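A single chain, nothing else alongside it, follows as structure tokens in the form predicted alone.
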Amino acid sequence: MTAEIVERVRRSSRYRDVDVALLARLAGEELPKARNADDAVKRVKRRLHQAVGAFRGERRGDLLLLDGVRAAWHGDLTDAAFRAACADVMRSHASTRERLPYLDTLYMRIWERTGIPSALLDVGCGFGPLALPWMGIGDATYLATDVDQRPLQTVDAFLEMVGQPHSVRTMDVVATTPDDRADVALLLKLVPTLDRQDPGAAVRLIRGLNVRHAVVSFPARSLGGRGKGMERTYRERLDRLIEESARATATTEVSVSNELIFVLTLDG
């Protein structure tokens, strides 16, 4: 029955590119609660909307989005026209769209705390790697994971085009922690998404990361623009995450107006 639910969900153009392991996990969790197969499919799609669908824009996150980026690429990451084309792609994904006003200084402020990484792990990346022109990481290896193959296809093609050493892979980090060795892991707006799927997932992820620093962020406002109480809620969530994971030896805040951002220095 689980395989049947997965197949039915994958018939939807909205979710056909989502990691099959995630679909199978959600189907296994929702089937015992469902009245029948139709109800199970609805339940899985509802969970997927929380994990993936709510952040997608109206445009498909496929390779066609890179047409403008390719046209603007002349070998210079700092070129204004190229940056504008990258920003246009990032506007099609809710999380990266909100980060656009701060790109000129955001990553430099993070690297001041961590050092410029030689290997960067971006977990639940979305279109985050399209911010590479603002990152200043030289020839660092960019390791990108997401449960959604759509942005990953775009990210892979982008990093290949600009000659950045990289790897991309679909991964359900609720079930599996990346074992890549890196200097810094970006967990940007990831914890709330993980919490909606499994309250213990974020702690397991932090405990299992093979990195020196983890950059954890939370939205200061909802996708609808409401912010009342969110900052306090997420600061408390960070405190619990630090306590329960028992790995952070130092925490530094580098927040901007619409995103709470914390650099965690981890032991081991």
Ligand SMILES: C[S@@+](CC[C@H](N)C(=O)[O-])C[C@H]1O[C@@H](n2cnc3c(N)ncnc32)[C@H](O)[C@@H]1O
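Keep in mind that what you see is a predicted model, and the values were worked out from it rather than measured. From 1 onward, residues are counted along the sequence shown.
Although it is not shown, the form predicted in complex with this ligand is what the next lines describe.
Though the partner is left out of this view, residue 99 does reach within 4.5 Å of this ligand in the predicted complex, counting heavy atoms only. Although the partner is absent here, residue 132 lies well away from this ligand in the predicted complex, with no heavy atom inside 4.5 Å. The shortest heavy atom separation between residue 197 and this ligand in the predicted complex is within 4.5 Å.
Residue contact check for residue 166: none of its heavy atoms lie within 4.5 Å of this ligand in the predicted complex.
Among the residues 110, 140, 147, 159, the one placing a heavy atom within 4.5 Å of this ligand in the predicted complex is 147. Between the options 173, 106, 182, 85, the residue in contact with this ligand in the predicted complex by a heavy atom within 4.5 angstroms is 173. With this ligand left out of view, the stretch that reaches within 4.5 Å of it through heavy atoms in the predicted complex is, among 89-97, 110-118, 76-84, 132-140, 89-97. Along 177-192, a non-hydrogen atom within 4.5 Å of this ligand in the predicted complex is carried by 188, 189, 190, in order along the sequence.
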